[in-house]
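This document opens with one chain alone, in structure tokens, the form predicted on its own.
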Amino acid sequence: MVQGATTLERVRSYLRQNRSRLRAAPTPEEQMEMLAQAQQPSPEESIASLQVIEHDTMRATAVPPADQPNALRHFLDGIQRQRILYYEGVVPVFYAYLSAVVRSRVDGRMCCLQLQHTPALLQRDGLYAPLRYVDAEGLRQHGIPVRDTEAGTPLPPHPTLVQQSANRISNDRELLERELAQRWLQHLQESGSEDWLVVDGGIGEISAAKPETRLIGLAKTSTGVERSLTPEQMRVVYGLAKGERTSVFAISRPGQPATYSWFVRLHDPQKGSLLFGLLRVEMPAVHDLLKHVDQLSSWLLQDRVPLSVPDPRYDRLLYPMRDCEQYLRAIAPSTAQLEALVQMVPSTPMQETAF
């Protein structure tokens, strides 16, 4: 093991010593197709109940101008970068890089705050595979972090192996984001801050540990919620004009605490599709937080500019969230780095491996 080496450097050393018995990985195009087929259903797709709580029925209301400075100050997002590096026998071995960051708005500029006990960035990487079927001991001897995807006996078929690794990687990224969010919520609570933490997507798992906190989630897509709307509610949601929001409704998902939610239209729908500029907001299901809904909606409308162009999701992607994405992509291992590792394994017939 090389002291002080990165995971990718250690993987390179391992491959240099073992590549003669390994099998080459699929091409990026083949792998994208595999991962698309193995994509696990999102919890967002499953809604147990949806109930309007602000009015008797779902309605559209104009968002009033904000009467306080924008307190949406801290923004959290995460990314995952993954690639099958090689096969051991018929078993795919994935490399995954996971990271999450909180970028804060200070004097109109985005930055990572340097706090003593609360990190702005969390990063993890390693190899993912069913460890009983690969050279786990050799990987550990090289100091390579490994995550067991826990395939059973007998060896599952190839699509199942891919799905198990993809699911574990996605779950680990969610855990990383949740850890960072909870540490920031703890910091904001202990410091008595009036700032809000904004996260990408739903907040069910995050709010479970700290329900009475200034936290909102921004969902750019809401398939599960939309499927749960009645025809009358759909007409209200899709009929929102720019600067309007819906009534607040409570949603519950299997295995998660309930959350409050509402839709807000950021941009004129006449400039795009039915969903153009339609953003769904989540907050903890705490009654005392309902008084902030109009203020939060107004602040979100303020954050329509600058536009997140050239991103095709610019109508629903707030610039601070795009800033998080850009920051994380800039520090992540590049595609070229991963492809260089892939090319170390020759495209030769694999040696038979007994399981």
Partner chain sequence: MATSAIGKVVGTEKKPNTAFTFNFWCTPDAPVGIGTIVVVRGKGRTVWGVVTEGFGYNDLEAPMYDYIGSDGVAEAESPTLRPEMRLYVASVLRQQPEEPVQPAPIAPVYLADEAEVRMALRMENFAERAIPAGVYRNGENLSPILLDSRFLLGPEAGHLNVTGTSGLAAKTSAIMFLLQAIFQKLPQDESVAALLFNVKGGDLLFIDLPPEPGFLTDEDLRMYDALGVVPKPFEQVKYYAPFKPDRVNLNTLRSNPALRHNVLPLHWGLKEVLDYTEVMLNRDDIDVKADAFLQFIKQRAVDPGKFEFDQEEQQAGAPASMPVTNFAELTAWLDTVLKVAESRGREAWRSHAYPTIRKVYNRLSNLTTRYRGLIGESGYISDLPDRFEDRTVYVIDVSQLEQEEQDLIITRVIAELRKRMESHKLGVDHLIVVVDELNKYAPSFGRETYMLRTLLDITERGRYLGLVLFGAQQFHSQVERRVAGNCATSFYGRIEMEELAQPGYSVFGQAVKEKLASCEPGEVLIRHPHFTQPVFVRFPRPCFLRGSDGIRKYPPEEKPFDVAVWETLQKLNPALEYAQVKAVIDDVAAHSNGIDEDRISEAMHRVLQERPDPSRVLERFRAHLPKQVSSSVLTSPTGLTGPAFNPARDEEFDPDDPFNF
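Everything quoted here is computed from the prediction, not taken from an experiment. Residue numbers count along the first chain shown, from 1.
Beyond the structure shown, there is the form predicted together with its partner chain, which is absent from this document and is the topic of what follows.
Novice: Does A330 reach its partner chain in the model of the complex if we count a contact as any heavy atom within 4.5 Å?
Specialist: Answer no; every heavy atom of A330 is more than 4.5 Å from its partner chain in the model of the complex.
Novice: Answer yes if any heavy atom of P306 is within 4.5 Å of a heavy atom of its partner chain in the model of the complex; otherwise answer no.
Specialist: Looking in the model of the complex, residue contacts with its partner chain include P306, since a heavy atom lies within 4.5 Å.
Novice: Do P310 and its partner chain come within 4.5 Å of each other in the model of the complex, heavy atoms counted?
Specialist: Flag for P310 set to yes.
Novice: Test of understanding: in the model of the complex, would E232 fall inside 4.5 Å of its partner chain by heavy atoms?
Specialist: Close contact is absent here: in the model of the complex, E232 is far from its partner chain, nothing within 4.5 Å, heavy atoms only.
Novice: Does every residue of T57, R245 and K291 put a non-hydrogen atom within 4.5 angstroms of its partner chain in the model of the complex?
Specialist: The answer is no: none of the three residues contacts the partner (heavy atom, 4.5 Å cut-off).
Novice: Just one stretch in 57 to 65, 318 to 326, 23 to 31, 283 to 291 has heavy atoms within 4.5 Å of its partner chain in the model of the complex, so which one is it?
Specialist: Selected stretch: 318 to 326.
Novice: If the cut-off is 4.5 angstroms on heavy atoms, which of these, G192, P254, P154, G108, is the one near its partner chain in the model of the complex?
Specialist: Filtering the options by heavy-atom distance leaves G108.
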